[in-house]
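In structure tokens, the next block holds one chain alone, the form predicted on its own.
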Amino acid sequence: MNIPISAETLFHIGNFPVTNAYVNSSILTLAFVIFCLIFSRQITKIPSRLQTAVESLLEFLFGYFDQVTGSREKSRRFLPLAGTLFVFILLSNWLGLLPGSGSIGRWLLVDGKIELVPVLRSANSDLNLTLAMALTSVIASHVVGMFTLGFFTHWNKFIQLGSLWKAILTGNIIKIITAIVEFGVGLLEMISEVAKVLSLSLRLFGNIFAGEVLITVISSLVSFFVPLPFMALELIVGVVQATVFTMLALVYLTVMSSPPHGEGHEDEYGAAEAEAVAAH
């Protein structure tokens, strides 16, 4: 049984390879955009059942977001990015469990062999997508930090040249050594920003890809009834992974938009991230 770790290419548009994971994400994106366009034209003062359901979802998200941001104002500010991430990750996880996903495909020549390539594959089982979402979240946190705190204040959290220069001007050896150490710590913080991208993307990719492998193996052994409990488990995993990814993205956005807190800043950040992972 061949379960490739990378998404399989179905065809090319010019030099652009169209993979089965890309088809899945494109279907979801198109459906999401159409739904938003239709729903935005049907908003009324007396809400319909659909409008009530959407408003309930927003209140649910705000309740979770407030626990991380500590402010409804920040929750509203971060909702477009964090809310979109949550809904997209959740629905893309569930879309990969629909009948036909992973089983209906095309017979293509792969590495000299004719193999059945599924037309649909869970979008989050493609590392390219999870890496792109993680990179977007981290970059967005820095953009928010620069607009909220100012360019130099934000980057002084990492590259503390100003503190080092002030220490040199004082001529105090202790202050200079302290500033040098803080400068080195800032460089390590820059490395941790890369680690954020890797941890976010690999966590989501690993869990969803493992679920794909599990469902494929179980379904190949017993086609009826036995895979159902595992698929139900994957529904729960889809919710958990969407929640964890979104909460961590919110932690990054919140910390980067908060003013520096000196020595306690790093501990506060680590505690907030650990709390978000442990809670979900």
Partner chain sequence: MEPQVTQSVLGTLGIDWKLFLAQLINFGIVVFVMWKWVYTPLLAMMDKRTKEITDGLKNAKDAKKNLTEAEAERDRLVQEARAAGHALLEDAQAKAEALRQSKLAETKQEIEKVVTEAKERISGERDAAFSALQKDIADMVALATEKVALELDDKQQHTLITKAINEIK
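Computed from a predicted model, the values in this text were never measured in an experiment. Residue numbers count along the first chain shown, from 1.
What follows is about the form predicted together with its partner chain, which we do not show.
Contact check at 4.5 Å (heavy atoms) against its partner chain in the predicted bound form: none of Phe147, Ser199 and Met256 pass. With the partner removed from view, the residue among Leu127, Ala167, Val138, Leu97 that has a non-hydrogen atom within 4.5 Å of its partner chain in the predicted bound form turns out to be Leu127. Among the residues Leu90, Leu120, Ala179, Leu131, the one placing a heavy atom within 4.5 Å of its partner chain in the predicted bound form is Leu131. Segments offered: 248 to 256, 210 to 218, 224 to 232, 58 to 66. Contacting its partner chain in the predicted bound form at heavy atom distances within 4.5 Å is 58 to 66.
With a 4.5 Å cutoff on heavy atoms, Pro260 does not count as touching its partner chain in the predicted bound form; it lies far away. Put simply, Asn156 is far from its partner chain in the predicted bound form: not one heavy atom of it is within 4.5 Å. Interface residue remark: Gly83 is counted as part of the site for its partner chain in the predicted bound form, having a heavy atom within 4.5 Å. Heavy atoms of Lys175 never reach within 4.5 Å of its partner chain in the predicted bound form, leaving it off the interface. Of the residues in 25 to 57, those that come within 4.5 Å of its partner chain in the predicted bound form through at least one heavy atom are, in sequence order, Ser25, Ser26, Thr29, Phe32, Val33, Cys36, Leu37, Phe39, Ser40, Ile43, Thr44, Lys45, Pro47, Gln51, Val54, Glu55.
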